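Here's a solo chain for you in structure tokens, the form predicted alone.
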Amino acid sequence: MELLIYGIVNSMSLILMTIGFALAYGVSRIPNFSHGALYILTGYMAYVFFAMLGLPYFLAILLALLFIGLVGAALYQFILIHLRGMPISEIIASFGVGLAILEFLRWAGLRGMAITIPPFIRGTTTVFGVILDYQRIIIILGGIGILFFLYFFTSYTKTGLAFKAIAQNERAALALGIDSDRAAVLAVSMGAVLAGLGGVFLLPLGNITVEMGYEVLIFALAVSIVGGIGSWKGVVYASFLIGFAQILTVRYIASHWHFVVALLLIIIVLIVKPSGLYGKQKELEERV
């Protein structure tokens, strides 16, 4: 039961780390390699608003999410919009922005283990005989809530349907009068907010460090590649596959191997099915 519950927690954590990356790529077809930096920057800004400026904690979180949404919109509007259709340039530019953000935070004092944000609710409870802190329960509920929100947003709102149309066939969407650049800037901004939400849910479990930004980017890439880049269903299945594989590895082998598991699954998937579990991008090449 302990393996089951903590496997679910770890899987939901991977979903929270990845879903913003998948949303931004699915709509704009831009791989936002500043994703991990936006995750850390949100946690740091929440810390600044709460611990340094003395604002109420949930107001600090809302302001941090608003700030990171504006950063995501600016990233697309001033940089990525000029590089759409050039994948290598998109990767280099977005990774460069992420690197600049993380190293600026390091220079600004984000070193060591001193900076943290508090959990939403302190304390622990027992779930099916397993001791679990309330923050991890909130992570499970938050991950489920975000998935349901995205489902209803993309199925029943005008903007969400435009996202879905562009993700399925951008040329047809353009022919129907959908502004792809407007949709892309909204998607990148929402992806940044989702990355930030992942940060405020998960960072209370540890410390805010620059290194965590790089780890989150690698985990987001691992889940996206295994699940199929651009597939939200693939993100969910791959998160559970990698999440439980990591928990089993930590339990029966060693804790430091949990990072290797994600990389190993990337290699296996790229060899066996390059498009991922639910990817569509290389279907023709695989058939040939």
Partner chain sequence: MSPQNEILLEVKDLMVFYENAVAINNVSLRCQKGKITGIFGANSAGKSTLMSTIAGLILDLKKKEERKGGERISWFGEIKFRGKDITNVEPFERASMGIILCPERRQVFPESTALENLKIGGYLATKEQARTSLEYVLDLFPELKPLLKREAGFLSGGEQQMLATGRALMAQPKLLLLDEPLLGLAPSVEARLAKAIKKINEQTDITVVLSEQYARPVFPIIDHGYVLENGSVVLDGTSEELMNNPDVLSAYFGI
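The shown structure was predicted, so the numbers you read here are calculated from the model rather than taken from an experiment. Residue numbers count along the first chain shown, from 1.
Although not depicted, the form predicted together with its partner chain is the subject of the following passage.
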{"property": "Residue stretch of 142 to 150, 124 to 132, 81 to 89, 94 to 102 approaching its partner chain in the predicted complex, non-hydrogen atom distance within 4.5 Å", "result": "81 to 89"}
{"property": "Touches its partner chain in the predicted complex: residue 111 (any heavy atom, 4.5 Å)", "result": "no"}
{"property": "Contact flag, residue 156 vs its partner chain in the predicted complex, heavy atom cut 4.5 Å", "result": "yes"}
{"property": "Partner contact for residue 177 in the predicted complex: its partner chain, 4.5 angstroms, heavy atom", "result": "yes"}
{"property": "Touches its partner chain in the predicted complex: residue 138 (any heavy atom, 4.5 Å)", "result": "no"}
{"property": "Partner-contacting position among 202, 162, 190, 212 - heavy atom within 4.5 Å of its partner chain in the predicted complex", "result": "162"}
